[in-house]
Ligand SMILES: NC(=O)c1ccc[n+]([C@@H]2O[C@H](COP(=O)([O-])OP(=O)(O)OC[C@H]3O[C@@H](n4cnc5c(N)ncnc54)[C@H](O)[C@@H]3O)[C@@H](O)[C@H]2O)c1
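Here you get one chain, nothing else, as structure tokens; it is the form predicted on its own.
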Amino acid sequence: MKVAIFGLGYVGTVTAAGLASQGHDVIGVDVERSKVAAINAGRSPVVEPGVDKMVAQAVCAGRLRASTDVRDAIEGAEVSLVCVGTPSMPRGDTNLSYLARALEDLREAMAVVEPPASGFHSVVIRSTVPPGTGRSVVEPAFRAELLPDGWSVGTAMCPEFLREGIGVEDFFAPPFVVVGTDDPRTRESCANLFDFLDQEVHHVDVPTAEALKYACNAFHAVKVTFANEVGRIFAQYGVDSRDVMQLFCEDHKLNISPAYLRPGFAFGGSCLPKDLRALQSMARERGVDVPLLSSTLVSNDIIVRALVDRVLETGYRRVAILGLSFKMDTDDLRESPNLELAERFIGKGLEVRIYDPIVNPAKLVGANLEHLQSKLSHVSRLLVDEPELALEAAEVVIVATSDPACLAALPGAHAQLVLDINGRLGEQVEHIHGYEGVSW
């Protein structure tokens, strides 16, 4: 394919060299003449192991060159990849001015350049942009009424996952290939462009593709901070945290896995809150500041408070809670956020009914019973034996279980709002009036 790449920085150069190495005809575009000159001389304008050799080979083979002229780049091109910078503004928001300028230059060049033989051109964003940019900035730039005769444009988001220092390796072995577009022709163009990777292409909507890079980078930052914070605490106790984290990373069932990475409701139970508080106490005792760990319980409480506020804003007064323990298939109520919800609803004067397929006050003993009594001493009046009794006359339903009896009863409920707090309802949501997710 003939490909135009806008922006010859780190991402653009690695992408241009990588695509050219696989037989694509690539022209890079940049306003900086020094970058253009470097490419045309067979040198990389960025420092990255392996990219100099790829650039030199691609230029020598006639598959890669660069220009400051957008018209030169897009003439006959089937795809434009936009890899311009999207730096931070003073307040932290994303500066999209370089992106907007590139799109404007691209559209203006179309007015004086013959379209490709098919008449169709794909504009694919590789720059990291906030969700909604495609729909608010990219798509409007190529509305049909703005395009010259003979041109048809589809747009997409195809995020990159290149780590500096091993960018070439990451280009040829990315964690995934993601294409966000509503246009089938653009989807096909992207598949053809990257088919040499021999990886499944994940086809998603544009905002999902835009959001993915932010989620990845934020999690990487959290992991670095987490390791450093626990390391600083344990160092005060003579523990080599490198040994701790080496063992930590061997757990692919929970630690390094999809476990706990589903947006939903707050955590609870007998371990997580208690051990977080213990770590904070250790840190305070040794004078170690751990803002990430300290904010975790605060953030968890915000999730509970936000759901309470969401229900109160509806004005409805009758609430059913399906699932009381901190997770399914247990009667453990210690620090259950669902129990906390019930307590707060009652404190706000709402009428609450609760059904849990396992929790039975008559059978609770020990710490479970004490915790229930301390939170809701009159819980026996709130708990009912069947989900239908909890749902009867309920205006709002909080669902924290996928118990078969609950799933069977929900479609017959007449509630105005059904909040799925753990995403456990699956295809059942199609049959539930007033369904909404929490945190998604």
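This structure is a prediction, so every number in the text was calculated from the model and none was measured. Residue numbers run from 1 along the displayed sequence.
Just so it is clear, the following notes concern the form predicted in complex with the ligand, a form of the same protein that is not shown.
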query: Residue (of C83, V319, L333, V124) lying close to the ligand in the predicted bound form, criterion heavy atoms within 4.5 Å; finding: C83
query: In the predicted bound form, the residue from D52, E392, D69, E32 that sits within 4.5 Å of the ligand by heavy atoms; finding: E32
query: Contact label in the predicted bound form: N300 to the ligand, heavy atom within 4.5 Å; finding: no
query: Any non-hydrogen atom of L162 within 4.5 angstroms of the ligand in the predicted bound form; finding: yes
query: Touches the ligand in the predicted bound form: G9 (any heavy atom, 4.5 Å); finding: yes
query: 4.5 Å heavy atom contact, R353 to the ligand in the predicted bound form; finding: no
query: Which of 396 to 404, 409 to 417, 24 to 32, 55 to 63 sits within 4.5 Å of the ligand in the predicted bound form, heavy atom basis; finding: 24 to 32
query: Contact check for K2, F142 and L146 against the ligand in the predicted bound form, heavy atom at 4.5 Å; finding: no
query: Interface residues of 88 to 109 toward the ligand, as seen in the predicted bound form [heavy atoms, 4.5 Å]; finding: Y98, R101, A102, D105
